[in-house]
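Encoded as structure tokens, the following chain is the form predicted on its own, with no partner shown.
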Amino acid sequence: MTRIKRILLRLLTMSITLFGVAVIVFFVIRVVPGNPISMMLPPGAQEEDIARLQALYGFDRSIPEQFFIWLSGVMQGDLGTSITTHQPVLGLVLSRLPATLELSVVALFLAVFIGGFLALASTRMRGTRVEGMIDVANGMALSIPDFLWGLVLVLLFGVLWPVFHISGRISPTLDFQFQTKFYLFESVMRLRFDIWLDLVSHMFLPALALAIPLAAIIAQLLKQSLKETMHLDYVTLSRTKGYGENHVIIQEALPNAILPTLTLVGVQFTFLIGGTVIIERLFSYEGLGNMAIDAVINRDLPLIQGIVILFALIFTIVNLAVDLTYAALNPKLRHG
């Protein structure tokens, strides 16, 4: 019963958070100078044309009235109509969301793999020159933002040594009809590994640019947790039983040391999704982040609102999943 109450409380918190995000994004983007209607009309448009479009998109009403009309539509699954494309916002964001999710998940796996490997290697080689080199590499990775890593990767593996694609999501020359927007998953399920390799070739550099700073954070936190765990009694006992150092680190210390890192990974994953905005633009990747930049440039208010609400929904769902997973893995929280 306690777990059910905790879930219900988190769902209530999620609802309040989403409502707060809706209020902020709706009112803030409307006080920013600029009229989206004027951007839709050619020079010399008549006043009646402006009035007609304002009435069509509801801009002739007061801002509070616009908000409650929009909010009632959101509650029914209607995010409005895009000003620039004249298409439903919900369909637009859902068509781009799979690309961003695939990119974020691949980046997360890369970050966990690289960060976990560096943490284990640093713990195994503690007190040696290798540990110092790993610490220096982590410091460099943290000091450079992901978009700058993207530029470096484009220069290295797209220009000097062109082994990966640096723009787009899939090669336009490939003749393949996808049934869903989850291209990476669908290509594996349909055993089209040639398509899968092409998708990975397009996705690898932007995913790696997103993964490098997160991998450094994971490596530092996991290393510190392992360092604290290695001095506990049960780890010392396993050594007295004659187990090797690799067994002690992986089998004994890692399961308990990984719990704080799990929480960090979940929280950072939400920031990872938000970080795709610049990276997708840099690599011309057809995801939600790239669409968000176009929406801001064109002052497409309904599309901006829909994208922000979708991002906020993803953030709250991921945070809820992390909390539940952490409680399931931590006996103190599970029984407390």
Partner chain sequence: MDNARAQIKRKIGVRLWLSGGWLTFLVLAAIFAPLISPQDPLAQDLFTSRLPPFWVDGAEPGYPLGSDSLGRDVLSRIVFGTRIALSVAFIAGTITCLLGATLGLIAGYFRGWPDMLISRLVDIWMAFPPVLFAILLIAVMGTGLTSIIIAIVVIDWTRFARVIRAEAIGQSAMDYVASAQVAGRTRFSTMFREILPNVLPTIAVLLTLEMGIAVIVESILSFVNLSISTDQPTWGGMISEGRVSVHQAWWVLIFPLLTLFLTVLSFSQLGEGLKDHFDPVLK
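Residue numbers count along the first chain shown, from 1. What you see is a predicted model; the values in this text were computed from it and never measured.
What follows is about the form predicted in complex with its partner chain, which we do not show.
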property: Its partner chain in the predicted complex: contacting segment from 99-107, 74-82, 205-213, 138-146, heavy atom within 4.5 Å; result: 138-146
property: In the predicted complex, residue 61 touching its partner chain (heavy atom, 4.5 Å); result: no
property: Non-hydrogen atom contact residue 166 with its partner chain in the predicted complex at 4.5 angstroms; result: yes
property: Partner contact for residue 154 in the predicted complex: its partner chain, 4.5 angstroms, heavy atom; result: yes
property: 4.5 Å heavy atom contact, residue 318 to its partner chain in the predicted complex; result: no
property: Listed residue that, although its partner chain is not shown, lies within 4.5 Å of it in the predicted complex (heavy atoms), from 260, 116, 266, 158; result: 158
property: Members of 114-131 lying within 4.5 angstroms of its partner chain, judged by heavy atom, in the predicted complex; result: none
